[in-house]
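Only one chain is shown below, in structure tokens, and it's the form predicted alone.
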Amino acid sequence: MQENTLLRVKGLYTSFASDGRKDRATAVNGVDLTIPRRKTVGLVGESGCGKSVTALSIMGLLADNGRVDAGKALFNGEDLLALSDREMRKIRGNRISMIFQEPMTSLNPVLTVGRQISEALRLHSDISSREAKQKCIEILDKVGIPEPEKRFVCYPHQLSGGLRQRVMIGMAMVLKPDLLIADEPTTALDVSIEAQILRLMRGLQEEEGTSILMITHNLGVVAEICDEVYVMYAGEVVERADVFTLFRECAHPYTRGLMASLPRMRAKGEKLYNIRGTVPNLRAMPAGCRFSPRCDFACEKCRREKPPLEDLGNGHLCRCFFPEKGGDTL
């Protein structure tokens, strides 16, 4: 099992300070996560559930007010959380790359996109400027950017949101990393380009053995590309299963609610199901199960006690006192 594991996150706790308060708000609460080699793992949940913070914690890219309080992130057996920033710079962009959620704030506005991609190549590999430029143009073409030679000398503001997103994807993939963390990589793209990008990711995985952590709201993308899925809610993993089990037999009420919210051809004219309420404030978490205020099946025990993450069999984990396998039966 250890030989087949590329990254294992154990007991990750991440908190943030805000508003001059002494107490800190915990955004990631004891997350365990395993990414096997040559596999794609999905991380899903609503905004504010801690998905991106988990990824930024692993990468060592938290904001100044963020802090990893506990946990390990074992990458090929090496704890990333124990490395210095200098040591992490050798890994980031080379062995681990990340596609960020908002390209306009991630790309440098005063440098051309070609220079930004070339910089990563020159920093982590021994190639000439001409070779770096050629590789950049090739990757821009692969991610579906028209006239890549012309786009190479463009600045980020000269590109549309979709093109900037494709530049970010190309930058993350150009060095063929061991692990690619993709944070909502297809949000700004139309369905045809989305399909092209997913094919490109699968090709990278097949050719280079790259593992992928796919952070997304899009359950269609999860079904298309993921092998295993973790569902996060309010900073915790509430369910984990292989992709087939999750779509056929999801057991947590939150996961079942997400599945029931998907539009269906056969349900023409019917109102879409929605999970009532919102994700709780980090400083005002419920005492028991964090999902209990929004759960249609919560009882007094749920409101009072915190359920453990239990194995339902074959590695299917669920954080619920009364798990009910049944997919989208809500």
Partner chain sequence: MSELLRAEHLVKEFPVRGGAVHAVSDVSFSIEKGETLGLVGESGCGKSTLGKLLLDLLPLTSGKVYFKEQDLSQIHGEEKRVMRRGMQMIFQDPYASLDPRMSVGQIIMEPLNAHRIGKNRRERADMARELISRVGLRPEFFIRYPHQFSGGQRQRIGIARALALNPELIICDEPVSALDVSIQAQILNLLGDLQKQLGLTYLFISHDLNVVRYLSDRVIVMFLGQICEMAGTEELYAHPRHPYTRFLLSSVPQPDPTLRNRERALLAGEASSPVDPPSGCRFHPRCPYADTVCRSEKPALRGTGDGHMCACHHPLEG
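As the structure is a computational prediction, the values presented were derived from the model and not from experiment. Numbering follows the first chain given and starts at 1.
In what follows, reference is made to the form predicted in complex with its partner chain, a form of this protein that is not presented.
A residue is said to contact a partner when one of its heavy atoms sits within 4.5 Å of a partner heavy atom; residue 227 meets this definition for its partner chain in the predicted complex. Among heavy atoms of residue 287, none comes within 4.5 Å of its partner chain in the predicted complex. In the predicted complex, at least one heavy atom of residue 275 sits within 4.5 Å of a heavy atom of its partner chain. Remark: residue 163 counts among the residues lining its partner chain in the predicted complex, judged by a heavy atom distance of 4.5 Å or less. Proximity to its partner chain in the predicted complex holds for all of 146, 194 and 262, with the criterion being a heavy atom within 4.5 Å. In plain terms, the part of the chain that comes close to its partner chain in the predicted complex, with a heavy atom within 4.5 Å, is 215-223 out of 131-139, 93-101, 215-223, 80-88.
With the partner omitted here, the residue from 69, 32, 305, 46 that has a non-hydrogen atom within 4.5 angstroms of its partner chain in the predicted complex is 46. Note on contacts: among 176, 115, 202, 122, the single residue with a heavy atom within 4.5 Å of its partner chain in the predicted complex is 202.
Contacts between 300-322 and its partner chain, taken as any heavy atom within 4.5 Å in the predicted complex, involve no residue at all.
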